[in-house]
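Have a look below at one chain only, the form predicted on its own, in structure tokens format.
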């Protein structure tokens, strides 16, 4: 299941992003941002966050431990205004304490070699970055916090969960600086175990990956996250050609992570491939459902705003 057609590999795995832009602007057009304005990402589980927010919390009272600052907005208590920051920046910020931080959302972004594949106008990694930007945009707009775990064979970068568009910009720029590299195998299971061990407070973990690898170990790692009471979302990023093997004749299939080569005729193997890959997807869907994980396939040929709207509206119906 890890073999990919040897169609010329894109030298620039950022194909599909807005040329000449960086951060949020590279991933989201003005129209995309407009369409995302009214969407909300809710947690299905009890999370440790703001009692006055949209997410249920098991905590009671307000902690005196300072966490960070957030820009003053409607509904914030003026008594927590940090006047030193106001005097220094001429902008209004309020102090935020540990128990007052809203939902923490962590993006687990896969940059293994297979994510650099794209049969059309966009690679899987570029689409995953766009999804990361869209999810982060919705999260920050709701005054929740967004963080990042970027990984391939090991953990390449970690960024804490914070609530600001500047922080989201930094997250996307970090992802753009470390695109997938051919020959780099992924270890999603290890990355998820690291997330489960390092994120101590209940949070929402969004996995952005093609999920190609050791399915059994990945499922165990997802179970580890659920055991830690994290809400988990698995967005499986797939190219249309991976779903139905719609590639040209006489292709040489190459594993982008190991370099293994397999000459084969797509016409001869298509039926068996589609059946095998379909079972692979069904197994993931079934196991995720059993663990209470929100699983969804994200096709790289689906418009970003359409995917986000359909997914979040459907998710909202099942949020408790």
Partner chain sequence: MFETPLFLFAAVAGAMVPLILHLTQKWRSQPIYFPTIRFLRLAQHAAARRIRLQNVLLWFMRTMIMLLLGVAFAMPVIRTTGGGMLGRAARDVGIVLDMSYTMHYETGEGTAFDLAVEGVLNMIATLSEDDRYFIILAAREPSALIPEPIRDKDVAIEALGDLEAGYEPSALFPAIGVARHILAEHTGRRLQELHIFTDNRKQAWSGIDTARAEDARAEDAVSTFVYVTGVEAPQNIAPLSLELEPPLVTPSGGNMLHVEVGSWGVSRETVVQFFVAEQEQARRAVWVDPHEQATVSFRVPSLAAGTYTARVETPEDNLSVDNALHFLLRVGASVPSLVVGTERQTLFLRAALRAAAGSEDAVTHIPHDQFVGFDIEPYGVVFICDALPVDGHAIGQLEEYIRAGGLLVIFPGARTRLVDSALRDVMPAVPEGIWQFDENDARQSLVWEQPEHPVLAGLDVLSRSPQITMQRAFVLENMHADAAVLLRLRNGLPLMVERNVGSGAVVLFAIGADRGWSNFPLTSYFLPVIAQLVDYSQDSRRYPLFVQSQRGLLLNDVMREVPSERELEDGQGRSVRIRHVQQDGKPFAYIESPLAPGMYYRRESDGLHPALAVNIHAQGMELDPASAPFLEQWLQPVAISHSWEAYAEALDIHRVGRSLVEIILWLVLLLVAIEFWFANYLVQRGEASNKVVQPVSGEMST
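Numbering follows the first chain given and starts at 1. Owing to the predicted nature of the structure, the values given are computational and were not obtained by experimental measurement.
Omitted here: the form predicted together with the partner chain. The next part is about that form.
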Can you say which of 160-168, 196-204, 139-147, 114-122 gets within 4.5 Å of the partner chain in the predicted complex, counting heavy atoms only? 114-122
243, 262 and 271: each with a heavy atom within 4.5 Å of the partner chain in the predicted complex? yes
Taking the shortest heavy atom distance, is residue 294 within 4.5 Å of the partner chain in the predicted complex? yes
Close approach of residue 256 to the partner chain in the predicted complex, 4.5 Å, heavy atom: yes
With a cut-off of 4.5 Å between heavy atoms, is residue 247 one of the residues that contacts the partner chain in the predicted complex? yes
Report yes if any heavy atom of residue 299 sits within 4.5 Å of a heavy atom of the partner chain in the predicted complex; otherwise report no. yes
